[in-house]
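Next comes just one chain, in structure tokens: the form predicted on its own.
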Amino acid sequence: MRFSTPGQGLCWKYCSLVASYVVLALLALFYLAPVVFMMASSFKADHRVLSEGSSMLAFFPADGSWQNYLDVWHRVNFDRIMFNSVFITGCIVTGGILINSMAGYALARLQWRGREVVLVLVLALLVIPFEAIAVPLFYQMIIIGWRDSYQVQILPFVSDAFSIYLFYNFFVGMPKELEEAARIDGAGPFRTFFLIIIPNAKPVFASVAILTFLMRWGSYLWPLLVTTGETYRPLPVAMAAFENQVKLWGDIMAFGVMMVAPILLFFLLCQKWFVKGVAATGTGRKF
């Protein structure tokens, strides 16, 4: 029987590491290619976007200019559309963190009649796609008179079953000693939650905020149903309308870059929190 020497084992370890990085690099290039193509095409004239799309020149904006970006600002009220997306997404993220975290804490820590039933209903809502309730919700908003407004795009999405479940799963795994000490000092549920729980639950708050932002920023179906003009229209719906009206690929790519840039910047700034938050959300572990 032959036994591998320590040198062979070390060589195999480094070869496996190099192979893993090569595979990850290829996957990264595969997923980054459309983004790089969009950014490069946004600086090209319209005819160059199509003529160079089948060669490596598609990824290099030679002799590029900012004209496409200026055209987008002149053709549509882009600052208003950007404000709509930022305002709607910001309200959903902020309100969702507060309401869903309190709901998750109530399900995980407080004892009240019907808690198990509510938890089962929350879990059941996780398997219901939004498309299944979009039409009934749309008619409900029409009856209320909220169509073509900010609240119709914000309020139905503040409370989210998946966010509640993430908070619940995290709070269940947290140690109870700090809460018991606060209760001995006379702190009630609200004071315990805001002064004890929130400072020790940074991972789940970061995860929920980032996931909610990513999902709501690119929302298309619901804003398409409830908005009729640029006054309350967010970026995804505005870009679809812009594409149908303009038919200029350079301008469309520039619009896409300006829509994607904030979410890429947000993710890069919060990447550290996101990775730690996802790793710790299911364990109740602090940073």
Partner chain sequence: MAELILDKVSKIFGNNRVISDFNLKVADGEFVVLVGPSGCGKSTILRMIAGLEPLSAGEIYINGELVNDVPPKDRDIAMVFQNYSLYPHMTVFDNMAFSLKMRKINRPQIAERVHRTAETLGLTDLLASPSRALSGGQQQRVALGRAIVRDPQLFLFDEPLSNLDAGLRLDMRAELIRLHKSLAATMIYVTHDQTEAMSMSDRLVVIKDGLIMQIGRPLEIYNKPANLFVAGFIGSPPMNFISCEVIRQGQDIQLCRDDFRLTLKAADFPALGSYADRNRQVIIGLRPEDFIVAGKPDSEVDNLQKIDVVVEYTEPLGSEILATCQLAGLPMTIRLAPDYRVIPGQELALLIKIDAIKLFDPQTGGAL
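This is a predicted model, so every value here is computed, not measured. Numbering follows the first chain given and starts at 1.
The following text describes the form predicted in complex with its partner chain, which does not appear among the structures shown.
Under a 4.5 angstroms heavy atom criterion, identify the one residue in I196, M102, V118, V172 near its partner chain in the model of the complex.
Here the answer is residue option I196.
Quick one: of V86, L178, L123, A134, which gets a non-hydrogen atom within 4.5 angstroms of its partner chain in the model of the complex?
The residue from V86, L178, L123, A134 that makes the contact is L178.
Should P129 be classed as touching its partner chain in the model of the complex when contacts are defined as heavy atoms within 4.5 Å?
No, P129 stays farther than 4.5 Å from its partner chain in the model of the complex.
Although the partner isn't part of this model, could you tell me whether A182 comes within 4.5 Å of its partner chain in the model of the complex, counting any heavy atom of the residue?
Yes, A182 lies within 4.5 Å of its partner chain in the model of the complex.
Can you check whether N200 is within 4.5 Å of its partner chain in the model of the complex, heavy atom basis?
Taking the distances in the model of the complex, the answer for N200 is yes, it comes within 4.5 Å of its partner chain.
Residue contact check: R80 to its partner chain in the model of the complex, 4.5 Å heavy atom:
Result no; R80 lies far from its partner chain in the model of the complex.
Candidate stretches 91-99, 154-162, 188-196, 210-218 - the one whose heavy atoms come within 4.5 Å of its partner chain in the model of the complex
Careful reading of the contacts points to 188-196.
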